[in-house]
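Structure 1 and structure 2, given next as structure tokens, are two forms of the same protein chain, each shown alone.
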Structure 1
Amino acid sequence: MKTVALLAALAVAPALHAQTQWKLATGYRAESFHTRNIVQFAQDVERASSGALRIEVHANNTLFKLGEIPQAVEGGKAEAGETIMTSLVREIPIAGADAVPFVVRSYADARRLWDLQRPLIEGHFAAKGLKALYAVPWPPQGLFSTAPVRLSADFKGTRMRTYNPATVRIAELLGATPVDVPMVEVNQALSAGRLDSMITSALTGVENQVWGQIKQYYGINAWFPKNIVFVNQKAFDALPAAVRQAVTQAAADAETRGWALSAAVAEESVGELQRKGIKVERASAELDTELKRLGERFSREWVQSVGNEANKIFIPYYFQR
């Protein structure tokens, strides 16, 4: 009997120590705070599962390019991935809620919007065989300008950098001429006098060293675009219950940590702009009011374009504070 029991124990032992390996693809640099947060998430999962699940993080488009990641995870070519939510709007229009400009004005607002948006995102992901794990915002989008701006009228006759339909619409409504310039060419465009202003995060301004022609930075918090981390539902369901719980808890921790990291990076980046000689100011009361009105106009237009599902976000967002 002892021999039989020993053989049974030996047979079970490998199963107890079997390790599952996932690949998680992201298009962002390893140095990005988003990627650093993902790496910590992977480490937390491995530790909490006692090594039962190991997640290999593949950064900087090394496994799949950023735009290919959702489809790769959906198709099972990678178990997990990260993308920016605005890249999903063609198939999931509601994913664009966090990029409607001049609606969300603070991290607290962004958190409230995500709480309303999340159940809808989870439903759309589930229909694609995906499970949303967590989302973290980029630092807010601010206004860079070569000259002081006090009113929306100050944009008339100027040239604003644009890179998507939303920024083109902003430029048009402000009376500026839209100029399509990739971020990597911004300094060249500034030096050539082709740009007078642009809306992007302080972090992006620091990473691209925009000081020189740029003299002003206004923390208008135009929008808080989010990255979302997700997993193939079948891969998740194949895990033992305890390991699924480890993934879920690590994801919740990563979301909390990621939001704090984003806020810290935003503050650090604004400080670096100041150190490089850019004047950092709040928008004037007049401009702030005008931008809020634009936000209301944008949100109405967005609701009309997306349909009834958008009302599930913006009706409670505006009226249930």
Structure 2
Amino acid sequence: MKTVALLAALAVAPALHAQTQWKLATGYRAESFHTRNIVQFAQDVERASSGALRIEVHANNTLFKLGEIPQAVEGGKAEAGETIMTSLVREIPIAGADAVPFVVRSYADARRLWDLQRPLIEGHFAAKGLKALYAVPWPPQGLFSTAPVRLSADFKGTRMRTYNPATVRIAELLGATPVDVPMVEVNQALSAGRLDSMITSALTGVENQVWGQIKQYYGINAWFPKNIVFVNQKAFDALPAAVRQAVTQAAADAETRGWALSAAVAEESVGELQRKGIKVERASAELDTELKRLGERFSREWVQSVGNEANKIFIPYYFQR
């Protein structure tokens, strides 16, 4: 009898130790530093919550495509997700502050921008039933080209890869045809001869092994877009307080770790492009001036279209150093 009672007790033991399982969707590859950081975040949460919360990471658009992830998490189809913040600009214009060219020139600038942007982003996320957990920047965005570029006129009639509304507008301002290509398909698009240039990180160039077609990389440091990791607020609220605390702490750690990782891979990947035979150069003085002018025009358009929230970020960003 005793044995039976003991066996019965053992059988219910796992149920008493309620385990919650979350799915976290991302559109980037499992090997990318963002995803590795998320996996570490998930492990930290599992450990700190003594297994009460398990977060299963679904990379590479396998659960939902990058662009569908915020809605999937809003609708509770996945409890958590990651996306690139600049993809949210139609609904959250201020998320586009990340991709205004030549505003953020270093990781320290990116940090200042995020500190100012964060409360606004959190407010918009909350209005959608989402909780922002942490954000990590991509390395600085440089210019890749299949042929040397000396003047902005060289882009006229060429095809430029884009990944968000900001890159589409930049392609238009340069007189190039925007070609939307997801990050994980850049190699394929280049091999098929569908692209002449793109603005993205050296890291994305490395991950997509672009050296077959790309001959030039100009480190123009145009902006530092951030990926943001978020969770469905109801799913978060359903957790016991101690587990919520574990998530919040692991998210803060992931943010710190992610920024350091980003800076480290930024350096490494420019070196790797060079080793693979890509010419790493500075933009010519003419091109540099033209790009800066284009950046100013972009900024003016952006501040006008976003309105007051843009001022809430840029006024302190420029005047309260």
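Note that the structure is a prediction, hence the values are computed from the model and not measured. C-alpha atoms forming the largest set that superposes within 1.5 Å between two forms make up the rigid core. All residue numbers here refer to structure 1's sequence, counted from 1.
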| property | result |
| --- | --- |
| Between structure 1 and structure 2, the form predicted alone | 1 |
| Core-aligned C-alpha movement of residue 65 between structures 1 and 2, 2 Å or more | no |
| Core fit, then residue 163 C-alpha moves 2 Å or more between structures 1 and 2 | yes |
| Core-aligned CA displacement of residue 312 at least 2 Å between structures 1 and 2 | no |
| Distance the CA of residue 174 travels between structures 1 and 2 [rigid core superposed, Å] | 7.0 |
| Backbone CA shift between structures 1 and 2, residue 191, after core fitting (angstrom) | 10.2 |
| Between structures 1 and 2, how far the Cα of residue 299 shifts once the core is aligned, in Å | 2.8 |
